[in-house]
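Quick heads-up: it's one chain on its own, the form predicted on its own, in structure tokens.
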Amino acid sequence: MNGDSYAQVPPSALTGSMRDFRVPGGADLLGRTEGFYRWQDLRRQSGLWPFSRATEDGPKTICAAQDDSGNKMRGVNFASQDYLSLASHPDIKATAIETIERCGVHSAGSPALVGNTSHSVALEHKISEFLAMEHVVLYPTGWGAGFGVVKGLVRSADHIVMDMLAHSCLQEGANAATNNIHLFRHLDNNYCRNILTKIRGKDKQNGILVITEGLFSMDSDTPQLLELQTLCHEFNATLVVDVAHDLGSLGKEGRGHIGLQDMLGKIDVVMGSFSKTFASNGGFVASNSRAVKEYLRFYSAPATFSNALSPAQAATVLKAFDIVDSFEGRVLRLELLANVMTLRRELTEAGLEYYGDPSAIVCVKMGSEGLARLVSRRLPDLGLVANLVEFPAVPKGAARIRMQVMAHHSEQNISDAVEILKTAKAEAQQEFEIFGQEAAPGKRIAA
């Protein structure tokens, strides 16, 4: 393909963002969704809507997929979150099958009402041991754990001090809990200190929850956790660290940045997800307080009023933790890191820039949403499954292609992916320049 192949792309499919439809007006709650759908469907009909795709045979390193219009593709897969390639591990599959045969497929109750199983109880103990924290609460999704820990602990008079790039689940939990939300510049602990100083200068009675992540999923960077925890102690605040993306996949022992920074057992509250490294849905919150555990069980709605993890999910995650915590897990992390470094090196050699420090997340910079959409449009035909990321997941003007690396990617997979990205971006830039010329003042744009 070349730029001429796409000369008639409607300009409005290359502009705008989901932010434009975030607060629709009008009294008709259902009808006012139409504006977003028209914009979305224009992108879909132009081949510029890469979201809501479905894989045909699971998140393998090479997979078949289809978009939400049924268009099929096959290619090297850098779009799935299976960092240690455990989703297809034979022991994981055998564990799921054996558990289903013995326990069925459904927990059939919330954790408060006989929804737990012996597998979930064992999983709580395993995570407790893994993180050197005394108590763990399980959640049916990682998103629910993030939302639930914030909404469960914070009340309307309390304060939330949060890294401005914290995950959606944490932001939504904050918005549901209190109006006293204070965002600090990304990874800027001095900025966080200034906010805490101002809060405690006016309010010494109410709680403060400070929120950050062990590894930020769009920028692949990490905070200085000891500094933040020390700040929280100084200002009588509580620290929550979301370890969804680094736990299990980073560090010699798989303890992520909490382990790398010698903070095991020293963080007030740790929240995580199983969906990135541990081959299943679900999440957890860990602390050193039995009182906190019991309070969240009954005042954190996603834990109290959702059905518990199924027996197969809990058993699968437990087996995944066993693998992560073994010699095999250490080998898989070394393979993952080698692949990450190879991808970053080959991207640099191809003239492609990326964000952050080495991790399973390698986000390739695009900048303009329009350019990123044109790049993403080409990837299926060229044989690469990778995710376009744009607002609201990242700031406007900072769109990117997110590459998610697996331990079982081959060197050929990586080389193929980089060559495809290089080709797609070169072609897209030509097309985007044509679009810019047509959009210049006084030019008529073909719709």
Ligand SMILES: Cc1ncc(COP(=O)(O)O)c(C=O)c1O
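For every residue, the number given is its place in the sequence shown, counted from 1. These numbers come from a predicted model, not from an experiment.
From this point on, the text means the form predicted in complex with the ligand, which you will not see here.
The three residues Asn77, Ser376 and Ile420 each lack any heavy atom within 4.5 Å of the ligand in the predicted bound form. Taking Gly370, Gly142, Gly254, Gly115 one by one, only a single residue has any non-hydrogen atom within 4.5 Å of the ligand in the predicted bound form, and it is Gly142. Checking Leu231, Ala312, Leu225, Cys169 for any heavy atom within 4.5 Å of the ligand in the predicted bound form turns up a single hit: Cys169.
Using a 4.5 Å cutoff between non-hydrogen atoms, Gly282 counts as a contact of the ligand in the predicted bound form.
Mapping the unseen interface onto this chain, Ala244 counts among the residues with a heavy atom inside 4.5 Å of the ligand in the predicted bound form. Using a 4.5 angstroms threshold between heavy atoms, Lys319 stays clear of the ligand in the predicted bound form.
Although the partner is absent here, Val210 lies well away from the ligand in the predicted bound form, with no heavy atom inside 4.5 Å.
Just one listed stretch, out of 265 to 273, 300 to 308, 105 to 113, 148 to 156, contacts the ligand in the predicted bound form at the 4.5 Å heavy atom level, and that stretch is 265 to 273. Residues from 33 to 70 do not approach the ligand in the predicted bound form: none has a non-hydrogen atom within 4.5 Å of it.
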